[in-house]
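Here's a solo chain for you in structure tokens, the form predicted alone.
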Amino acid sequence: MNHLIPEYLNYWFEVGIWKFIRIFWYFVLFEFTRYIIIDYIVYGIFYLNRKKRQDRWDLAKQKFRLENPLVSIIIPGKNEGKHLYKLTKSLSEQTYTNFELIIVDDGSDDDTPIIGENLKKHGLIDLFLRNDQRGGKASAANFALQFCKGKYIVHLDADCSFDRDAIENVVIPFYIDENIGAVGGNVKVRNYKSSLCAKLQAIEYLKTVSVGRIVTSYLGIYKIISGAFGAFRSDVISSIGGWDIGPGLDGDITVKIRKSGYRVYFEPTAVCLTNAPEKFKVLTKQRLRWDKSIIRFRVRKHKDVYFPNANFKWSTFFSLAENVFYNVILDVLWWIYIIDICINYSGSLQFVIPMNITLYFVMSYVQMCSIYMFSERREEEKYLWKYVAFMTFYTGMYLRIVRTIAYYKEFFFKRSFEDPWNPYKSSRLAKEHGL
């Protein structure tokens, strides 16, 4: 029978479990424990509590419908004119209609001003605002806040589309718990068939957003309200002074809300579809920007959450600590692990490398099983299953390398302040004020 088993698997049967754990300690201690054991335990509890959760949801929905609050939807951005008609059409089909729609043009040099004014003229939006000089996305969002009349603010990206009940579902959780200050929507990739790059991001989003945030929200350590689709209590947004200069402004405002004593909540039924980068060159630039923000905000700007003070909360501490541990500290440990293997087991690499690939390959499909259980688009997402095998290299190598470069640049050189995503003047002032 042994001759039917690949040689590298026979090797591990022969050396025994303890040597296996010694060599693959990183996978066993961190990857398997966090993304399989903990996730499946939470999934099980989440599933068992579905009746109780549904009863709370139905009661909250009833309260929401009775109050029928005005919701202010704001869409800040630059050169987004080509997306605006599709966006307004998507929003016009929503099951909830008591909202005002405000578009802010942040110094565009395309046809956005013409398109925006035309949408306003034909009654497809309520207000079109324009910054003649680009101030950055935070500046545009804060500009819109001055004109918002709604009890809740929903922040959207212009290139998104939404399920018909998305706006309703992202606001209902505020009626489940009055201490919820912000609710994150469930962002999925729309253009997943366009390229391998987009397909891998679609799988990544399903793991880290659709399912990953169910877990962190349930544990009370949910850490980022996506800028593509998030809802906020207007009084809470006002009390914290709106958005600070990004990149990473969505994660930053989430921390500010947590530090103010409010809960943040993820709602998986509020589904938003967005376009992901279709080329790895574009994706790399995006991820360098996102990963730098972890150092800038989680490590530097909001370092006070790690120390006892008058406003200290364990949930906020664990939320940021988990994020920093699994992204920054484990990134460093992964390189230490690679060095450990190369030095101590260089003669066994022909067995170690294929086994490592096998472990991550199997784990990726086990994670996809959990995604399948929670997905409302099971038939559509079956298409992605055959690409899961590539995730071993996508998350295990490509994203790790990009992440390491970003951390190095930001930790030692504060390169996020030089990112063209924001105007130089805004970034310079942000740097001066420690933002």
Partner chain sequence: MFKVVKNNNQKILTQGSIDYLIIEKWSTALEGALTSCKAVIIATKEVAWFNDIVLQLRTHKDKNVFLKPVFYKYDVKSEYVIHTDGLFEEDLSNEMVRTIVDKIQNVPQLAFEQNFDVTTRLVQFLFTREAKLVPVKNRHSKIGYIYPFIGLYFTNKEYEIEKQLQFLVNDETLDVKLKDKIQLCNDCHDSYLIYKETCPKCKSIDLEAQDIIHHFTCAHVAPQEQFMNSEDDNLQCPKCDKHLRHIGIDYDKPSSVYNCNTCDHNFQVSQVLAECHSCNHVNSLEELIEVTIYDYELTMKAMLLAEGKYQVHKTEAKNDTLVFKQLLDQERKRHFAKGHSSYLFTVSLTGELLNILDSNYINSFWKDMKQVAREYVVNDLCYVREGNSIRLLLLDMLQVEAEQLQQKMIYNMELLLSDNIKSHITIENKLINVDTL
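None of these values were measured; they are calculated from a predicted model. Numbering follows the first chain given and starts at 1.
Below, we refer to the form predicted in complex with the partner chain, which is not included among the displayed structures.
Though the partner is left out of this view, Leu127 does reach within 4.5 Å of the partner chain in the predicted bound form, counting heavy atoms only. Though the partner is left out of this view, Ser139 does reach within 4.5 Å of the partner chain in the predicted bound form, counting heavy atoms only. Within 4.5 Å of some heavy atom of the partner chain in the predicted bound form lies at least one heavy atom of Asn131.
Under a 4.5 angstroms non-hydrogen atom cutoff, the partner chain in the predicted bound form has Glu117 among its neighbouring residues.
Contact with the partner chain in the predicted bound form, defined as a heavy atom within 4.5 Å, is made by all three of Phe147, Trp243 and His433. Between the partner chain and the residues Phe99, Tyr360, Tyr205, Phe143, the one pair within 4.5 Å by heavy atoms in the predicted bound form involves Phe143. In terms of contact with the partner chain in the predicted bound form, the residue from Pro268, Gly135, Gly212, Gly77 that brings a heavy atom within 4.5 Å is Gly135. Stretch-level contact analysis of 192-200, 316-324, 160-168, 117-125 against the partner chain in the predicted bound form, using heavy atoms and a 4.5 Å limit, identifies 117-125.
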